[in-house]
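In the form predicted on its own, a lone chain appears below as structure tokens.
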Amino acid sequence: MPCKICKEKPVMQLPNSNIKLCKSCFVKYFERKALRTIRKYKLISRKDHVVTAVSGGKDSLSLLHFLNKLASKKIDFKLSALLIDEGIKDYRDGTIEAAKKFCKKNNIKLNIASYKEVTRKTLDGIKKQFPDTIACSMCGVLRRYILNKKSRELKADKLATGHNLDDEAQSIIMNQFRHNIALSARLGPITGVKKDPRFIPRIKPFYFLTEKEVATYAFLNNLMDKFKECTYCTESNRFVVRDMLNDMEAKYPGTKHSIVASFIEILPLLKEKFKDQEIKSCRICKEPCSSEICNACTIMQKIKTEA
């Protein structure tokens, strides 16, 4: 069956449909869908400074590639990139080089921060110190902490991430399993419940695009290198949920879309419910948090005292 639009040879069948598209038509479809998300949810405004969280993997490089095209042709905004080096041997080094190469080629300012700068240890070192602690639980806290802090230092208006529909469906289900509805209230195409100058709003232009679509976009734009998962991914609950949802999707196509579509309908109610939740300042670092001491400082204190 030829491309639905131009009758050329197809490269991709769209999820949950019989529509097949050729390379050119798929790229147009993908970029138009991401642009509709940006416009509908007002993710980017004219003259914004958008800092893109980049790892050097397919999702973040696809986002950076798309936003760079957008900044040149559609919306007048400043674009830069921020990479967090966790310090994971035989995993992060290669993606850092990929990010450097891409940013140099496209004249995008790349800023690099690391766990070692903040904690004096790499993630490998922290895991070695606490072998029984799930690496992803510490990594997620530290990564979010550094991304927000560095984005604010860079005077960003928005922090763009490469999260896609699969990622969001996983987060929604994980929060349900953990009875953490307050955390779900912060999800959506633009994160957060209420504005606070200490928080840089996070935007997800690929929110309604599947992981398969993002991977195809990366491949067609020569952004995909050898895929390599994080060394510690098997410890994470997220990957258990990912496999569960992939199995459900294979048996019942449209499952992930339905999860996210249903969630979007109730999201305004969740944001209203938690809009008066107090945002405190960490007693140690002064960063915004929900308790007296933020989770990042709790981890850093533990690293220091138990070294």
Partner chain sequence: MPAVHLERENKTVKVKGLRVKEILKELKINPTTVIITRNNELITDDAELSNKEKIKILPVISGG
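Positions refer to the first chain, counted from 1. In this text the structure is predicted, and so the values were computed from the model without any measurement.
The protein also exists as the form predicted in complex with its partner chain; that form is not presented, and the subsequent description refers to it.
Taking the partner from the other structure, its partner chain in the model of the complex has a heavy atom within 4.5 Å of a heavy atom of Gln13. For the chain shown alone, Asn246 is a contact residue for its partner chain in the model of the complex, at least one non-hydrogen atom being within 4.5 angstroms.
In the model of the complex, its partner chain lies within 4.5 Å of some heavy atom of Lys58.
Residue contact check for Arg242: one or more of its heavy atoms lie within 4.5 Å of its partner chain in the model of the complex. For its partner chain in the model of the complex, the listed stretch (45 to 53, 267 to 275, 247 to 255, 30 to 38) containing residues with heavy atoms inside 4.5 Å is 247 to 255. The single contact residue among Glu211, Asp85, Asp124, Glu168, judged by any heavy atom lying within 4.5 Å of its partner chain in the model of the complex, is Glu211. Among Ser184, Thr95, Thr161, Thr216, the residue placing a heavy atom within 4.5 Å of its partner chain in the model of the complex is Thr216. Within 4.5 Å of its partner chain in the model of the complex, a heavy atom is found for none of Lys100, Val118 and Ile293.
The single residue of 88 to 109 lying near its partner chain in the model of the complex is Tyr91, the criterion being any heavy atom within 4.5 Å.
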